[in-house]
Structures are given as structure tokens and as C-alpha cells.
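Let's start with one chain on its own, the form predicted on its own, as C-alpha cells.
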């Protein structure tokens, strides 16, 4: 199968790349990290000026109803700048409500998600209990849960909408490795919750959107690691010549490029499979998340090493990419878990 972006998709990708390069700068990201991990100015411009917050939202609710391929190009651009925005939550929650919400839930929340007025996140725990419309339990590692207005929480089979100001809900935000995407812990004690009309459909598409977001962000981050290292290799001199001219250095860059091109194929295979309703979609999603996360982590580590001493300093952005890469590896299940799922799908009981 030949795959190529349409003119519209190419335009969206180019617009997103330019937007994040101009807005999600290192200084703004570091300011967000020093506060609550949320670059509000970039987020509002992204949602309201560009209108990209509604990419996956149906048109009748203020969105543009585009597909996962279009969204992946945007997530890739965001990842290339390690943008401190709750894009992951927007993808998961917006897709989940659009797929499994009632008409009332869609009308209430989707326009606000598309405009950026509401920040959403979510998570799950099999031990979450529902009793007479109230939820109780504990959910850890909720991305940007510290600034979210809306959560979708799940016990693995059912899903509920919970508002951040609900009685009985407490949010704790411990310090985590990636300060551009804080991870919160939610503790619920008989919290009022609104069940989604079709929890199964919501969870399926929500997980898919989340995995695509992480995989595409990882691809963008890995490509940025290579691009920035190549620029450094042309400028930095040692023994009277650019360090990029040394064979061992070039080999490391070539290895990075090969891994990135494979990751690119994995991301857009998965995104295209979802858009087309392919039977390969689940396999492609597991492959994309695991491979792209590992590729990003490898490229971020190589970036630090190939920058030499400066790459290990707080002042250099290499550590931002490394921490984001490590965070993506563990979010929404590890690479080992995804590879086990692939093995089971292919080999069955033999796995």
C-alpha cells in the first residue's frame, strides 16, 4: 500500500510545525515547568486561533471531524518541541466522549474541549468502585491531572465523567521526571459521576487516540533529537574539523535516522489503520506505541552523548527530550506489555 499525505494533511502538518516552533519555545516551556507544567498561552492559541483543538471533534460540536492521521501530524509537531500542553488528554477524552457519550454529554463537553476552555484527562483502575452513582478509589499517573477540569475514569469495563470540583475528589501532584507533563494522583470518596452511555466504545477509541498521541509525540521528539544533533555536529569542532565529519559520529547519526524512519512508518500505519477501520488497527497500535517510545528514548540518550558535556547540563534542552522520552515509555503500559499483546495476537496460546 502506498501512503502519502493529502494536500490538506500536509498543510496541517506544516502549520503545526511552524506554530509549535514559534510558540512552544524553550523559555516558555521552562516557565511552565517551574509553575504547574501547563503552557496556557500556547494552549489557547492552539485551540482558539488555529482551531486545532477540535481536530477529532464532530463538526456539529464545534470541531473539524478529521482523522487520526491528521491528528498524528499535529502530535508529532507538538512532540518535536516537548510542548507543555495537555494534548494527550484532549485526544483521549474528546474521542471517548464523541464515541461513547450521550447527546447531552457531547453537547455539554465537546465544544468546550475544542475551544480549550476545558482541559481534560483520565485514567483507570480495576479497583475503582461505583456505588449508587458515587465513585470511590484511587487512580495514579493521570497526565496533567493537576490542571484538568474534567476527567474520564474507568474500572476497565465502564467509564464515568467526573468534574474536577466534585465533592470527595482530591488531587495530589507529586514531582515526576517529566515536568512538562505532570502526573497526578486522584483519590475519590463517593464522588458524583456521570456514566458514559457506551463505556466500551469510549474506552476503545480513547485508548487508541492516547496511544497514537504518545507514539506521534515520540516520533516528533526523536526527529528533533536527530535534527538538533546534526546542527551541533556541523558547528562543534575538534582537532581542527567539525565533529560531524568523524566516522563513528556519523554512524550514530545514521542509526538514529534508520530508527526514526521505522517509527514514522509505525505511527502512520497505526493512524491510517484506525481511520480505515482496518483489522490490523489493534496490532498496529501496540507496535507504534512500543517501537516509537523506545526509538525516542534511544535518540534522546544519543543526543545527550553526542553533545558531549553540554548535553548533560540543565541549561541544554537535551534533558527535556530525555525525560519526556522516559515518561512516554511508561505511559499507557510499557513496551514489554505491548509486545506481549502483539505476541498473543499472533501466536495465541503459544505466546
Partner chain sequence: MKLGFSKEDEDFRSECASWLNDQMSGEFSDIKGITTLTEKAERRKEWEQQLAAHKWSCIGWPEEWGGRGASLAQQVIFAEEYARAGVPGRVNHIGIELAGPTILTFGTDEQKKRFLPDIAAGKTIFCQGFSEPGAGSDLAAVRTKGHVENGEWVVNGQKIWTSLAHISDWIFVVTRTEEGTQGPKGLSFLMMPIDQEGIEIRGIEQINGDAEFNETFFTDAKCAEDSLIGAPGDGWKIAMGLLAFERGVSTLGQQMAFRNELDEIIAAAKSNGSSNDPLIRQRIAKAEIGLRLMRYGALRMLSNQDHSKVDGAALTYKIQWATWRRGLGELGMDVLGQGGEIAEGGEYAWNTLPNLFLYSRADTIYGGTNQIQRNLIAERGLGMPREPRGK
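Predicted model only: the values in this text are computed from it and were never measured. Positions refer to the first chain, counted from 1.
Although it is not shown, the form predicted in complex with the partner chain is what the next lines describe.
- Using a 4.5 angstroms threshold between heavy atoms, residue 240 counts as touching the partner chain in the model of the complex.
- The partner chain in the model of the complex comes within 4.5 Å of no heavy atom belonging to residue 167.
- In the model of the complex, the partner chain sits within 4.5 Å of a heavy atom of residue 244.
- Remark: residue 62 does not count among the residues lining the partner chain in the model of the complex, judged by a heavy atom distance of 4.5 Å or less.
- Remark: of stretches 175 to 183, 107 to 115, 92 to 100, 205 to 213, the one touching the partner chain in the model of the complex is 175 to 183 (heavy atom within 4.5 Å).
- Note on the partner interface in the model of the complex: the residue among 197, 226, 171, 201 having a heavy atom within 4.5 angstroms of the partner chain is 226.
- The contact residue chosen from 321, 46, 291, 38 relative to the partner chain in the model of the complex is 291, the criterion being a non-hydrogen atom within 4.5 angstroms.
- The three marked residues, 261, 276 and 304, each reach the partner chain in the model of the complex, with a heavy atom inside 4.5 Å.
- Residues are counted as partner-facing when one of their heavy atoms sits within 4.5 Å of the partner chain in the model of the complex; in 69 to 101 only 69 qualifies.
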